[in-house]
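Have a look below at one chain only, the form predicted on its own, in structure tokens format.
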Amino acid sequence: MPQPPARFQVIYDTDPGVDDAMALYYALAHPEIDVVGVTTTFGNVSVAQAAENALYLLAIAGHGHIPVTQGVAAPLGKPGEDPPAHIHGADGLGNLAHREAHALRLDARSSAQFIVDIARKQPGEITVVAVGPLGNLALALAIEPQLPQLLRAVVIMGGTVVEPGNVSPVAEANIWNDPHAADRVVSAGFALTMVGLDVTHQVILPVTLFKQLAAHHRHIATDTLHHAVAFYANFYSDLYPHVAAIHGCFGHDVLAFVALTDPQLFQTETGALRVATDGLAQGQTMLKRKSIPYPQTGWEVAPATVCMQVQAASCRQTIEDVFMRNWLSL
């Protein structure tokens, strides 16, 4: 990735989602990140629910000045799937018993148009951190083919190279949900970093951390996050014995922001990256790891940076340190 600026100007493209909420609050708490907009997509929930969750999370955290847009509602090239309510809850936030009223409203622009507008307004300054299906970025590319030159960087949470997939033996959920959009994005020429299951499955965050955060801040935002993470951790603890041992969850989406601000915690590989769009391998992220002259066409794309290993203990400590900062107002 390019050398970091004094502060990162970030458009957060998301489908909140428990780990999306965790990542949003991490970004708001981080002293080097300015969230200039939140663009939403289908994925963990419907796009309408994702947009409402983004508005709600910002409202209760006191960041209602950040614009939120609603984006793509379905995959670009295959039938959609029902959202995984058993993982994130029917509402995406662990089935909250109550929501505070708020007055925030959506920006009228589509998420794709918002990305293009901000990139044109601040060329070379904006990083898109995308932690859901990639339809918004794919549509933004269709509006503005020069988007890879206008954006400073793109960081995606999605995909996997070596680690088995979580929706098929080879596919990670965000990429599998919209493989056609993903392949357009990873092959478009962005300065792109992929933070996938190869590293996110190495970082387990215990529910006790979020209980401590809630007790430390005594704020509705951290209470909400604690509730959501506890629901999310139940799913992962039922599925993975080593996660159940600490009653936690994988730090999927938040690692995209850690990779942005603390790249030294990751070991990476660089190469051409493509996505399989059909068949049993649908959604597989394929990294060209060797300089072999393969007979197939399609590998003549700009290289991406892929996170392959992470210093898990240091990553967990970084996440805790950022969350413990005084970033919330009563």
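All values reported here derive from a predicted model rather than from experimental measurement. Note that residue numbering follows the sequence shown and begins at 1.
The same protein also exists as the form predicted together with beta-D-ribofuranose (BDR); that form is not shown, yet it is the one meant from here on.
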Fill in the blank from the handout: Only one of 220 to 228, 138 to 146, 172 to 180, 110 to 118 has residues with a heavy atom within 4.5 Å of beta-D-ribofuranose (BDR) in the predicted bound form, and that stretch is 172 to 180
Exercise for the section: Would you check, heavy atoms only and a 4.5 Å threshold, whether Val185 touches beta-D-ribofuranose (BDR) in the predicted bound form? Expected result: no
Practice task
Consider Leu134 of the chain shown here, and say whether it contacts beta-D-ribofuranose (BDR) in the predicted bound form, taking contact as heavy atoms within 4.5 Å.
Solution key: no
Problem - Contact test in the predicted bound form: Thr39 vs beta-D-ribofuranose (BDR), heavy atoms, 4.5 Å - result: no
Problem - 4.5 angstroms heavy atom contact with beta-D-ribofuranose (BDR) in the predicted bound form for Leu197 - result: yes
Handout entry: Within 4.5 Å of beta-D-ribofuranose (BDR) in the predicted bound form: residues from 276 to 297 (heavy atom criterion)
Key = none
